[in-house]
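The form predicted on its own is given below as one chain in structure tokens.
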Amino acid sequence: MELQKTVLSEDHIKLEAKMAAFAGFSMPIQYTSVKDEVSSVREKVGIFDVSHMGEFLVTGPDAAKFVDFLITNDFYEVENNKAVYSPLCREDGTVIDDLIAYKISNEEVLICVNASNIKKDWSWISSQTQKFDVSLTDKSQDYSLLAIQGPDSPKLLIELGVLKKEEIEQSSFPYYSIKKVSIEGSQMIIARTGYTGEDGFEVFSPSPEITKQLWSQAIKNGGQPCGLAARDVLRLEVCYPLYGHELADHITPLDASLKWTVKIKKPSFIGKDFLSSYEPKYKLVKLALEKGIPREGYNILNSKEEIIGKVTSGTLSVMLNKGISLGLVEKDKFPKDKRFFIQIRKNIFEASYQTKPFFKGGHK
């Protein structure tokens, strides 16, 4: 099957990006080096083409009520122009995907889903509309999505003319909120969200021309193009889960340390009955190594060298210069002494157990 391309595909090739297949798209994996790209986001500003992500538009009198029923987190009661992160679950509490829902109003909601799950999510969401007065539109092919991330991201958006200085101050545009703006007559949605742990913005653009223009101008103004490899390191340093790794079809949000996203006191949501009485089978752990680089699928052991879980994501942290990982451990095998080991081929390395993210990002 031929890979899909984003509107910036030719721009990535001109920049000599390393391209690879990801979720059915030809996507940039890296441009210069992962170290350079991660450092740029942490210290200055990086830009990502994440146009492979899926977007569904929910409209109608029951739009916010419907999305509140769909997801485990609170949504209906949040203010307009706010964003909410949440798992999307089945009746048995297992995770279909994790997503961000953007509440434009009670009658208009934009949902952003993972690229690998667009078809699955669309099928599930569209099957749940019977009791609600809503219309669903798959806008995945209509929107491009740029992520502008890092401490200099507000400055860059001002330089690009996307927002004015007074519009971008934290008091008027806090973290996890959105604004609708018009650029050259095209309606954009700007969200103060991202997947890096840094202050940053995501620009939903229906105009290929403006997307290309913003991309090239961002680079001219000092934005570092970044690929998916840097994006993965960045999210793992701040311990953000990724569907297909920490989240999967066979586990619940409660197994993946996402209890804070499951609002059992809500009147109704899909999976509520099951999750209300569910006892988690797994515990998500954060483990760091002084030697060796943990990778997905590596065994997690206790001090008796018994297998108690698996690494779900692992990499070399650019900011810490050490191996870091997330993993799922069987809850009834969680070691009381909190001593963990990771098996890397024939070698076994002791890992330090962390209760906080490996790196503290700069978002406020």
Partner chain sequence: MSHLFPSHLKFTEDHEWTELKSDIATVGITDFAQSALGDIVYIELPEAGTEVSKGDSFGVVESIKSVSDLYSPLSGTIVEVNMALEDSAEKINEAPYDSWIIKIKVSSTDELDSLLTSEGYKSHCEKNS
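Numbering follows the first chain given and starts at 1. The model shown is predicted, which means the values in this text are computed figures rather than measured ones.
Keep in mind that the form predicted together with the partner chain is not shown, yet the notes after this line are about it.
- Scanning 110, 125, 233, 160 against the partner chain in the predicted complex with a 4.5 Å heavy atom cut-off leaves one residue, 233.
- Exactly one listed residue, out of 301, 50, 329, 318, brings a non-hydrogen atom to within 4.5 Å of the partner chain in the predicted complex: 318.
- Taking the partner from the other structure, the partner chain in the predicted complex has no heavy atom within 4.5 Å of any heavy atom of residue 63.
- Among heavy atoms of residue 295, some come within 4.5 Å of the partner chain in the predicted complex.
- For the chain shown alone, residue 333 is not a contact residue for the partner chain in the predicted complex, no non-hydrogen atom being within 4.5 angstroms.
- In the predicted complex, the partner chain sits beyond 4.5 Å of every heavy atom of residue 356.
- Partner proximity in the predicted complex, defined as non-hydrogen atoms within 4.5 angstroms of the partner chain, places exactly one of 64-72, 41-49, 335-343, 309-317 at the interface: 309-317.
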